[in-house]
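Shown below, as structure tokens, is a lone chain in the form predicted alone; questions about how it binds or moves come after it.
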Amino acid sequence: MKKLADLVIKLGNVDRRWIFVIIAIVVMYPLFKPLGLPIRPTESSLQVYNAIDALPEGSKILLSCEYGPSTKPEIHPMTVGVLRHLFENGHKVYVTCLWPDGQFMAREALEQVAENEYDRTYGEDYVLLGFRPGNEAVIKGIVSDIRKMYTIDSRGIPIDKIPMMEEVKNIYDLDFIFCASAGYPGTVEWVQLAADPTGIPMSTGVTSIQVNEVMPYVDAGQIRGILAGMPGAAEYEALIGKAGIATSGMDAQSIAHIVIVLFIIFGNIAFYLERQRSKKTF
């Protein structure tokens, strides 16, 4: 028993740099090889999934990207997951951006999903209208007359020459809105200026810190569910049956938390044993 106590005390005084190495390993491993830990979707994530899944085939969906590289780990997996769901169900996707960085995030997601995974045709199945400055004014422009706001798309193609834009004059010609938002302008503005006044259904995905700000709109029925941060993205991946980076991220986060708790417990045991030994010495 004394030898075991000596070993615990010795390990309790190990150089903390080894602890950092162990944490790095347990975080990195699931990112390269997901563990497939169970994910139970919350009610808010289920609402988003059910709202999109219930749309008739061939619906016209507005996807707006309001985030950048700093919030990419939380928001980008949502965009990818929603795009997969939309293309899987045969919908047409119209992508707008109220943030300059959002255009690059949207292009990356479309290249991954629309081009590489689903082989969709640009201009017929999806279009990236791109970024326009003006914040709320852009939303108002889309609501009233999309051609006054967008004369060309992100590739410089005139709107009138894009086949899937022929029957789209304003937001009333669209069937659903999904906003991937990391702040202002974003979800709140889309609700107040587009979804609520027109009655067009809307869902959203936001960073974890925004949930409390947006949840009242969900409770009031103005937004159909919410994907909350990386957990929400992972839940959506589970719902559509396509694990991605959010699932791997949650695996890494869960394992890291377990290891940290174990280190705390072990450290307290070592501290207790060392203290008891000191009392006996004196």
Partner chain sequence: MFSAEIVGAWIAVFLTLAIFSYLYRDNPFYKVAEHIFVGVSAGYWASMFFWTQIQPNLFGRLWPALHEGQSLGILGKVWYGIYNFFNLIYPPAFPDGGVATGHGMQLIYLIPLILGIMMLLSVFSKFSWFARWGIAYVVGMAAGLRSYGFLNSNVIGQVKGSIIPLVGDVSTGAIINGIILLIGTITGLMYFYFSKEHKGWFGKIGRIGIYFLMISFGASFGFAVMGRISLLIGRFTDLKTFGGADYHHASLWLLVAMVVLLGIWSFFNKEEKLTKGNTPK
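Owing to the predicted nature of the structure, the values given are computational and were not obtained by experimental measurement. Numbering follows the first chain given and starts at 1.
Keep in mind that the form predicted in complex with its partner chain is not shown, yet the notes after this line are about it.
Enquirer: Using heavy atoms only and a 4.5 Å cut-off, decide whether all three of 104, 133 and 264 touch its partner chain in the predicted complex.
Expert: Checking in the predicted complex: 104, 133 and 264 are all within 4.5 Å of its partner chain.
Enquirer: When its partner chain is placed as it is in the predicted complex, which of 162-170, 77-85, 120-128, 148-156 ends up with heavy atoms within 4.5 Å of it?
Expert: That would be stretch 148-156.
Enquirer: Wondering, does residue 196 line up within 4.5 Å of its partner chain in the predicted complex on heavy atoms?
Expert: Yes, residue 196 lies within 4.5 Å of its partner chain in the predicted complex.
Enquirer: Would residue 201 sit within 4.5 Å of its partner chain in the predicted complex, counting heavy atoms only?
Expert: Although its partner chain is absent here, residue 201 would stay clear of it in the predicted complex, with no heavy atoms inside 4.5 Å.
Enquirer: My question is simply whether residue 231 lines the interface with its partner chain in the predicted complex - judged by any non-hydrogen atom within 4.5 Å.
Expert: Contact with its partner chain, yes.
Enquirer: Even though the partner isn't displayed, in the predicted complex is residue 47 close enough to its partner chain, meaning a heavy atom within 4.5 Å?
Expert: Residue 47 lies outside the contact set for its partner chain.
Enquirer: May I ask you to list the residues of 171-205 that have any heavy atom within 4.5 angstroms of its partner chain in the predicted complex, in sequence order?
Expert: Read in sequence order, the residues that approach its partner chain (within 4.5 Å, in the predicted complex) are 184, 189, 191, 192, 193, 196, 197.
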